[in-house]
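Single chain ahead, by itself, as structure tokens, in the form predicted alone.
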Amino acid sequence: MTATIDDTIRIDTVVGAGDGALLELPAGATLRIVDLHGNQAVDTLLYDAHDVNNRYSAFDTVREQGAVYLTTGSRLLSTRLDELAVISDDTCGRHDTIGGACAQESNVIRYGEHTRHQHACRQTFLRYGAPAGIGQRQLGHNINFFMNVPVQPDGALKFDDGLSGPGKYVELRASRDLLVLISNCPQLNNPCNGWDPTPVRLIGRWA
């Protein structure tokens, strides 16, 4: 019996709990994000690889698709209304893009002064984005893959227990050359990670 080698796999890596990654994807590539243990929020920013000021916009994506949540078929648009990527597959079923990413400042406001020095997604974004010229000015809206943030009837947001589970995944297809900046959220103070951040796997494929 001959083993089959998938020679289209160009990225296959595990991002530890609370760590991050910066990936380069050519147009047409797919990126699968696998929630290895379930109930893990994966904060993600998308950029045009040739101009990091052309970045993902939650406002434009939500308005143009006429839906608050993201799932299969969602077109992920930039601040210039360029299509950056499309969600091509999704076994979780719903992802948040309006809850934002955690920062040390927001942790203090939401959870108290004792959380000021806890690590947060914003710090991960700055650390991994720096080699690509992504600084504070380029940190915009993000996607919270696998994170459950129901919108209440009065418009308020609720950080709720996750909808994901071990092995569930979401897959993006790049519509142009992309930079994908990931913070595998270290948040301990709300149920977005089940109070226990865990690793995720990233699988990138292109010919």
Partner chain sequence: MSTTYRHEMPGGATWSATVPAGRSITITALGPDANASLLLFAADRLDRLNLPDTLKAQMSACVRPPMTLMSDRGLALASVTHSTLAWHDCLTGFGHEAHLARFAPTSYQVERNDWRRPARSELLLELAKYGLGEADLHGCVNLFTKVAIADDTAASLAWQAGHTVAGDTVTLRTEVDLLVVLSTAQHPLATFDHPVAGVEVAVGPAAPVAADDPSIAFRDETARSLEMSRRVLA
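Worth saying up front: this structure is predicted, and the values here are computed from it rather than measured. Residue numbers count along the first chain shown, from 1.
There is another form of this protein, the form predicted together with its partner chain, and it is not shown here; the text below is about that form.
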So in the predicted complex, are 8, 10 and 17 all sitting within 4.5 Å of its partner chain, heavy atoms only?
-> no
Looking at 123, 79, 118, 72, which is the one with a non-hydrogen atom within 4.5 Å of its partner chain in the predicted complex?
-> 79
Tell me, yes or no, whether residue 99 is in contact with its partner chain in the predicted complex, where a contact means a heavy atom of each within 4.5 Å.
-> yes
So in the predicted complex, does any heavy atom of residue 112 sit within 4.5 Å of its partner chain?
-> yes
Residue contact check: residue 108 to its partner chain in the predicted complex, 4.5 Å heavy atom | yes
Is there a heavy atom of residue 31 lying 4.5 Å or less from a heavy atom of its partner chain in the predicted complex?
-> no
Are there residues in 142-165 with a heavy atom within 4.5 Å of its partner chain in the predicted complex, and which are they, in order?
-> 151, 152, 153, 154, 155, 156, 157, 158, 159
